[in-house]
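Shown below, as structure tokens, is a lone chain in the form predicted on its own; questions about how it binds or moves come after it.
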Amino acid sequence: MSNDPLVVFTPSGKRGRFPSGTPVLTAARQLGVDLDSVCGGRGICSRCQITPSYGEFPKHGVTVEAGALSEWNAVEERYKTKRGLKEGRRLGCQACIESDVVIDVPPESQVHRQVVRKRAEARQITMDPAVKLFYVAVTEPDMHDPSGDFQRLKDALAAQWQLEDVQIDLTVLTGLQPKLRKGNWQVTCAVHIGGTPRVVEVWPGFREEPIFGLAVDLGSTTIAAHLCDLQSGEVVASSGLMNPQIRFGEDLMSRVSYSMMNPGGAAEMTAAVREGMNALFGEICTEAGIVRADILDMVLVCNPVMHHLFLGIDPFELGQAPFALATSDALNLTAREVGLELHPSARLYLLPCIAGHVGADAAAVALSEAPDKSEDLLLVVDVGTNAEILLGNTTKVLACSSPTGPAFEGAQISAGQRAAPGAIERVEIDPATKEPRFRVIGSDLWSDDPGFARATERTGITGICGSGIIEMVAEMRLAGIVDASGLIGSPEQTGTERCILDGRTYSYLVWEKDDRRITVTNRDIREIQMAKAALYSGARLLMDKFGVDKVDRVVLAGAFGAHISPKHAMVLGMIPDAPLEKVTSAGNAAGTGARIALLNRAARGLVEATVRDIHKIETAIEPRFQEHFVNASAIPNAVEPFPILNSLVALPEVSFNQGGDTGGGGGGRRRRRG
């Protein structure tokens, strides 16, 4: 093995060894990393900004020491002086690799900016926000009445709006007197009425402009925010970005490990996610044409590890049984307390967590999809790196989390990538010819349609995203290219030269052009098998606890869940057997739940009560989880009959025994949290 320094790029996960002194931009280009540059590495355009990370990275098997990159040079100093450079950033064309290093490529430095597909779902919500506007006429001061201006404002709010015992923030009090006089003793007050009423802003006269709130879904991979008009409920802007914590680990347990092995690591990740959120809020304000001070309320949902890291709590205890939370209660804070750059008095409501690995995002899903109100037995699966699963009806609701890992998001897949223009997202394979056709993000044409090459000329064909790899593996199973154990057959066994020898097993050739090719390897199949087995096992375990063998309805939630084909998910065995028309998508249900809590304050009390009644099942200590996992490693399953699926599709009776340790998915592999 070469002794040259190892460089690992995140979030792509691409790695390689390069001689000491190699510019980061050169290494990125040779590895096919999506790092932008317009000036050809002359240090002019600044498109190639990167962030080196230091410390222990067990996931990558590397320790990054200070001095891993060459020293700061005059070109970088000149650029920083003239245009500014974020703290910790380097220019990829100037920084050279000196020893092992982990390098993050931020979204703005990527040629193909990632698509964060978390949109706001249409939903009827009864408007009753926690922050409201009240127009009042205040009695002018009088020599015979020594009360202060705020006391008379309180009296006005009580007399005209029945708001008793109103408090006021100091930041608002300092500017109260000039505003009262400028408005000729008539002002508009923004009052937070969750709990003790509190004035959070005052404007002279009558304010016609709306005020806004944010509903934020802080995921381990992506952060999505919806800006809502607090008077109409309208979603005026939505935006998202990749969670900048990805550079510390793609899955949650990698981040817990990073905090355990690096002093100050938790604080470093807290700073990164808050900085990312503030950047996102800046983007969304620009899109909506407002200023940050117009945002007076915010609701946040997240999983338990993100919950702790966002709040500045070390997630150490969440990395080991019994997975204890610092707090599971809902929190009412000010945005300023947690470093968010909104209105100085903006409020922040954080939904309650259900248990150590079932967080506020699952609580938001419960609020959005209301399994406790369903007469049907409803299975809700929020698909992500740590899937959260709810099963229930009007009698009871059960919940668990299942460690699926990042494979569904394209990570750990040879040609995998996150959703971005150029990524394969839809696939069909002809069962007779074994020839594939596909669609990529950014084009509505299929690969065999006239004009496809021209339509994808700008983006190119860059890899396979999560929904694409699910359809790809399912189609390979339907076409008889993959057997039930997860093995890819040889050309003789499958009848196609697209199955090419790749070491001791075979890979399936999807696309090639010049010297570039996209394949699906047996290792890719194995990663998907492990992820889908973990997901199915969690759902099946809840069904065991409920005493049932089938469910009435399945709802796929989450940004990724919204793009999954129900048929292909069932062919893989990701979800229990059910009529396809009973398998629906809820889109970003966690974000919808956050929006409900933002726009209806009664929903906050409702979700807190609902969470108290949900019974949590811990998969890590349930023996049957492992049994279900082994059975679910087969495609679709080694023991479950899947009668509805079998009535819809014919799964080929093929078996590709190639001898040796091929890594097939028939059984024996076990998965542990983290």
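Residue positions are given as counts along the sequence shown, with the first one as 1. Here the structure is a predicted model, which means the values were calculated and not measured.
There is another form of this protein, the form predicted in complex with a further copy of the same chain, and it is not shown here; the text below is about that form.
Of 418, 308, 255, 540, the one that lies within 4.5 Å of a further copy of the same chain in the predicted complex (heavy atoms): If I apply the 4.5 Å criterion carefully, the residue I get is 308.
Position in contact with a further copy of the same chain when the complex is considered in the predicted complex, options 449, 234, 77, 317, heavy atoms within 4.5 Å: Looking at 449, 234, 77, 317 one by one, just 317 meets the 4.5 Å heavy-atom criterion.
Location of a further copy of the same chain contact in the predicted complex, chosen stretch of 282-290, 546-554, 135-143, 565-573 [non-hydrogen atom, 4.5 Å]: After filtering at 4.5 Å, what remains is 135-143.
a further copy of the same chain contact in the predicted complex: residue 149, any heavy atom under 4.5 Å: So residue 149 counts as contacting a further copy of the same chain.
4.5 angstroms heavy atom contact with a further copy of the same chain in the predicted complex for residue 618: Residue 618: yes, in contact with a further copy of the same chain in the predicted complex.
Residue contact check: residue 439 to a further copy of the same chain in the predicted complex, 4.5 Å heavy atom: It does not: once a further copy of the same chain is placed as it appears in the predicted complex, residue 439 has no heavy atom within 4.5 Å of it.
Non-hydrogen atom contact residue 195 with a further copy of the same chain in the predicted complex at 4.5 angstroms: Flag for residue 195 set to no.
Non-hydrogen atom within 4.5 Å of a further copy of the same chain in the predicted complex for each of 173, 322 and 327: Yes, each of 173, 322 and 327 comes within 4.5 Å of a further copy of the same chain in the predicted complex.
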